[in-house]
Structure formats: C-alpha cells, structure tokens
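Next up is one chain by itself, shown in structure tokens, the form predicted alone.
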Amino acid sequence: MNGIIVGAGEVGFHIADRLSREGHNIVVIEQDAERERLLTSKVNALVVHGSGASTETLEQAGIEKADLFIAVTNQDEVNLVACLLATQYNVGRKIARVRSLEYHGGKSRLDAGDFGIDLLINPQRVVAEEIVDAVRYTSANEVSEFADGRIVFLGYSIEENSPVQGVALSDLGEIRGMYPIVIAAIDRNGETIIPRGDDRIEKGDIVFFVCNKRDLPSVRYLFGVEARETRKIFLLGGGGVGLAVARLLHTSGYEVKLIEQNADRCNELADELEGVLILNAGATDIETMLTEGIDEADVFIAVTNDDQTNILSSLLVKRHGTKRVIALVDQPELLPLATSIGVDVAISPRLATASAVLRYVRSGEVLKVAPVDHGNAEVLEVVIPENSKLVGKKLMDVRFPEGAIVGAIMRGQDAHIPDGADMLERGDRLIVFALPSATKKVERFLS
C-alpha cells in the first residue's frame, strides 16, 4: 500500500512508524524542519518538506500513486483542505483529524462526505470514550471490549498481596476450568513480553489477559481485585475533553462534579451540562475539593491541557483518599512514569487518535484494533474469511506468527476462551494479541 501522512507530530509519527514497520510504502509531509529531521532518523519513510495543502508538495510526495491519505496536523483547516486536494487526485481512502466541534459532533455538525473524506476523527470524542471505558472497569490499568462487548481485554497490576504473585503460568493453566482466561502478555519493567509456561508472575508486573465478560467476577477473585461500585466522580478540566467526558458519564448515570479554574468557562459549562455540579476551583485547591467530598470519591479524572497538572493533581487527591485516579498524559515519555508513581490509568490522546486511524486502515479481516501497554502492542479482532487456509483446522495445529496469541473466539452469538481442540470455522472472530512485529503477519496469515 502507498500512503501519505500529512503531519509528523506524535500522532503522525506513530502512524508512520507502525505502517512502515508493517511493510507499507509511506511518505510523510511535514513543515517543521526539526520534526522532519527527527522523523528521517527514526522512521523508515520518505519525508517531504512542505504543506499538505499545497498541490506542489502533494505531487512531490507522489499523490498520483497514493492508496491512502491521512491528514493529522494540528490545524483542522489544513487537514480538510489537504483531503479535498487528495480527492482531486482520486486517492482511494482519505482520513482527517478534526479537533473543532464546529466540524464534528457540535451543533453545526458536518458530514465527512461533504468533504469527500472517508473518515473524520475527533480526538476529544475518541479520548472521552476511552476514559469512560476505564471508569467502568475498576482496578484495571487498561481495558478494551471486543466481540460486541462479550469479550474484554484487561491489564491488572500485581501488588504484593496478590494471590497470583509468584505463580507460574503453567499452574494457572491447570485451573482454567475454574478461571477461563488467556494471559496474553506481561509488562515487566517497561518491556512487553509474551510469557511461557515456566514464567512466574512477579510483584510490579502488569498482567494482560483476555476473558469473557461474564467471568469477570471469578477472574477478579483470582487476581485478588476488589470489585468496587463507582458512583461519585470528580473531573478536573472543563475543556473539550472534559465536556465530552462529563456528558458521557452523566448520561451513564454517574454523579459527576467538574472542576474548572476559569469562571467564564464555568458559566458556559453550567449551561451545557444540566445535572453536573460545576466547581470554580484550581487543580490544587484541595480544601474546596475536600469540602465537596473528594476524600470519598470513587474516581478522579484529570483532563486539563497540562500533563504535569494532571499527574500531580491525581497524586494529590489520591493521597487524600480518592480510590482511583485517571490522568490524561499527552507526552509519550511521561506515560510509563505516571503509572509508575501512582496514577492508576494514564491515557494518551495522541495514541488513542492514532489507534482510531490505524483501525480504519487495516485490511477487511480486521474489525477492531486497540493499542495496549502504551502502544507497545495491539489487540485485534479479526474475522476468518471464507477461503482462509485456517478453516477446518484445530487451534493446536495452527502455528500463529511469533509474537501473536489467540485469546478468544466469537462464533455467532457465542464468545468463549478457546483451548487447543477448538476447530476454526469461516466467519469466526478471533481476539488476537500481537506485538508490533507480528501485526501485519497476522493479517497475512488469515488470508
């Protein structure tokens, strides 16, 4: 596939890196000379200096041969104009990142088809949905739902008192009848590994696993995770993401209190969010928060535009009794740091946006893609096509690409955790954990 990516920020960088590693021919258009030099040194892609809204630059990038066009600069107008120009060159698929609610999801919502664009991605909405998923699954570091919500992929931190600390994977396999899960990977000291049977779970690990949603109570018991009811939520930051998160949480029945420092913005939010209590306070105004019950809050979510504020305020309220804290962290280098010092869930808006793009550009067999472990791996929901060589084979007889593991099978309305004797059928939907080196191999393997 020949693809052009306009914008080499963190989103464009991540997409270019992932697609180039999968063997696609990628050209990146970037105006900033420093970003251009960084990309040239780190990604196997051709970098063209210029604007994506320039026909001269597009032609230099090879627009006539492009199958895919992705515009993810920080300027909505540039992304839209670039995609409009790509339409004139008959590019097959066009994707634009659009931050402004004026274009997407606001009162004057415009359809992607109005611009000849196949997909408009609004980062605020993408991030808000990821945050709400994190709220719904208490104690999980990461979460994604698959197979119409029947299968869940979760990551749990292993504490000192965890019942599975020191247990070998082979021993867990022997009790799968009681606890039907597939442990897909372990994050240990920042490295994502696919464990073997003789590997033992250690304190500080984050264990990633797949299970049927109906089995979650027994799985929580296995890991020693307390199932807490979540009702009271504090939300710091009344920007676009905060507004979207507050709406989704309030609609879902949670009691939400939103903290915003700007008084004028508080008045705007009060008009927008009926039923949500708006507090005019700063990120470190702990006295006001304590008065409002932060010490009894189930979840605190920090979504300001400043990573340090989000991290520090989360740690502050956790020290005062908040049970769980979620922070929006934009800088990639701060993601692992945030979780290592006490933030329960750190969510990257750039990574979430890049994931939404990658999900769309995958082959037809890939129904969903979710990044895990800060983008160090992916979970894919893939369908076995009618002419696949896998049809009629037992799972034990299939040699999946190295770095990939099947965690669940969805057949019709039945979702279950497989064993080696499962026979694969056309139309089966597989939940597959894959390291970056194996993602493209999995897609090819299915065909």
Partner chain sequence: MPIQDILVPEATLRESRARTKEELLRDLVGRLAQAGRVLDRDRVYDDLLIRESEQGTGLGQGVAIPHCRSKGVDELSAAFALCRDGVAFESVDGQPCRFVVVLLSPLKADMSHVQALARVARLLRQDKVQQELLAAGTVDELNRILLSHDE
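Residue numbers count along the first chain shown, from 1. Just so we're clear, the structure is a prediction, and the values are computed from it rather than from any experiment.
The discussion below concerns the form predicted together with its partner chain, not included here.
Q. Three residues, Leu312, Ala327 and Ser348; all within 4.5 Å of its partner chain in the predicted bound form via heavy atoms?
A. No, because Leu312, Ala327 and Ser348 lack any heavy atom that approaches its partner chain to within 4.5 Å in the predicted bound form.
Q | Location of its partner chain contact in the predicted bound form, chosen stretch of 120-128, 232-240, 144-152, 167-175 [non-hydrogen atom, 4.5 Å] | A | Going by heavy atoms within 4.5 Å, the stretch is 167-175.
Q) Given that its partner chain is left out here, which of Gly116, Pro332, Gly321, Pro163 has a heavy atom within 4.5 Å of it in the predicted bound form? A) Selected residue: Pro163.
Q. If you check Ser218, Ser100, Thr288, Ser252 against its partner chain in the predicted bound form, which one has a heavy atom within 4.5 Å?
A. Looking at the other structure, the residue within range turns out to be Ser218.
Q: Classify Tyr179 as contacting or not contacting its partner chain in the predicted bound form by the rule of any non-hydrogen atom within 4.5 angstroms, answering yes or no.
A: Close contact exists here: in the predicted bound form, Tyr179 approaches its partner chain to within 4.5 Å, heavy atoms only.
(Q) Please determine whether Lys213 contacts its partner chain in the predicted bound form, using a 4.5 Å cut-off between heavy atoms. (A) Although its partner chain is absent here, Lys213 would stay clear of it in the predicted bound form, with no heavy atoms inside 4.5 Å.
Q.
Given that its partner chain is not shown alongside this chain, does Leu222 nevertheless sit within 4.5 Å of it in the predicted bound form, heavy atom to heavy atom?
A. It does: once its partner chain is placed as it appears in the predicted bound form, Leu222 has a heavy atom within 4.5 Å of it.
Q: Verify the contact flag for Arg200: yes if a non-hydrogen atom of it lies within 4.5 Å of a non-hydrogen atom of its partner chain in the predicted bound form, no if not.
A: Close contact exists here: in the predicted bound form, Arg200 approaches its partner chain to within 4.5 Å, heavy atoms only.
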